[in-house]
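First comes one chain, alone, set out as structure tokens in the form predicted alone.
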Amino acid sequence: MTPDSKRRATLRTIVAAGSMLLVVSGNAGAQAIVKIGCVLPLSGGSAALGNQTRVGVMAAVEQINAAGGIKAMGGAKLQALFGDSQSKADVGVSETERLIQRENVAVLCGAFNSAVTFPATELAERNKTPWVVVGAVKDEITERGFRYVFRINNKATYDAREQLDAMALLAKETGKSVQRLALFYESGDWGRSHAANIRKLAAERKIGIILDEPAPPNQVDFTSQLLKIRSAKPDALILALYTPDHLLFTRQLAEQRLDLTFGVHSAGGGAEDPSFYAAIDASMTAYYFVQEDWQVDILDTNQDPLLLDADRRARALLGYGMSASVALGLAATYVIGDALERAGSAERDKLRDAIAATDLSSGPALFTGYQRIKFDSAGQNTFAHGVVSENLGGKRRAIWPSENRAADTRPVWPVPAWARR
């Protein structure tokens, strides 16, 4: 059996398991199933990351159900229902409405793309349906005074701060600091939000921004942008690109052998996507710095059976192991499961109040690498953080914060010129 046929067989098994669950729930009564709706980009430009999140959600649902379901609700089983945003805001809103009105879900999660999550969560708020944000980082998502919207992962401000904090740590350790930055980012909500935060924080730290440019949509050639970067001569380049653009840009940067003294620093996105690394020559991403939404090398130190199970499921369905998106999908579902246990009910208002009172400091919800999940009055998990990795010897290793850096990890700073690699 080929790897593709194995994955198809595993998917058929999961679909069959879901069908059996429906039958069992029908015999056990209406309270036997709790529907969780999740809006994700299962097609379109962000499909790879959306499908990774889906695998994380399904892994958590099956783990929770296998452990006896929601015990405070008589062992009620979770059922995940997905809506495909197609990476488009209007489609994401329509799918949100379908899940709320027609499927009558108790709670929602998603939607990875900030441009989708922002309007979709507004609809959820109007319908008083709690939403646990997965992946989307636009600051304003949790800055509108909403009561039903919660975010476990970083907001854009945190991502930007972590990138500059990593540069500051490496400068402190080596005496060699970044003075001149270039910014190149996707032109949607995520990219523009990240660039705005980098500008603000760089100014506070007296780091110059000498090139600041959004990527045109549907670009098939980044030659002119790379020429601008070469001409500007920045010390380092900050990128915020989704997977397709990240692949094209990285290939062309390598082909042009564009030297940057302190390297390329990606704000997650495509550079967090395992499919990105599967599609590109490893030499092209050597010494890449990536702001990661989870502890990318956590499997080196954490052998929790549930984490290993999720990694195994990801490999079977995706062809590669755990990723930030898988971890975030899994974490969001465990946060919802914990809230259901405390609420003892799937009523939306009671579930909303239980999510708001979340305070987790152990368990699978923390497989992202967080030490705690607790929401502030705006719905943001203020304990969220990522790590910054450097691609060393073909493996992304956490180099920031120093507490997350393994004893055998030696950051390379500045990075070697292409001619010396």
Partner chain sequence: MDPYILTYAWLNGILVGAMLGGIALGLSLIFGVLRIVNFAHGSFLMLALYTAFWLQKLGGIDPYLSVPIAAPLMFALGYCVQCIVIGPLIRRERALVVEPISALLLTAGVCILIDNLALMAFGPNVRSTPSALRVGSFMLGPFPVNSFRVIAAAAALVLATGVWLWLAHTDMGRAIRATAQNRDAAAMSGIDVPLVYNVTFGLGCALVGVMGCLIAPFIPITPQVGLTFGIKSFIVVVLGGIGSIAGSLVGGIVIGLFESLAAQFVATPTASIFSLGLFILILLMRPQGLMGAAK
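On a predicted model such as this, the values are computed, not experimentally measured, just so you know. Numbering follows the first chain given and starts at 1.
As for the form predicted together with its partner chain, it is not shown, yet the points below apply to it.
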### its partner chain: the contacting residue among 209, 123, 227, 306 in the model of the complex [heavy atom, 4.5 Å]
227
### Task
Only one of 48, 33, 360, 384 comes within 4.5 Å of its partner chain in the model of the complex by heavy atoms, so just point that one out.
48
### Query
Pick from 97 to 105, 261 to 269, 212 to 220, 166 to 174: which stretch has non-hydrogen atoms within 4.5 Å of its partner chain in the model of the complex?
212 to 220
### Query
Wondering, does residue 231 line up within 4.5 Å of its partner chain in the model of the complex on heavy atoms?
yes
#### Entry: Close approach of residue 146 to its partner chain in the model of the complex, 4.5 Å, heavy atom
no
### Query
Would residue 275 count as a contact of its partner chain in the model of the complex, using a 4.5 angstroms cut-off between non-hydrogen atoms?
yes
### Query
Taking 4.5 angstroms as the cut-off for heavy atoms, does residue 255 touch its partner chain in the model of the complex?
yes
### Query
Is every one of 337, 346 and 351 in contact with its partner chain in the model of the complex, taking contact as a heavy atom within 4.5 Å?
no
### Query
Taking its partner chain in the model of the complex, which residues of 304 to 329 have any heavy atom within 4.5 Å of it?
318, 320
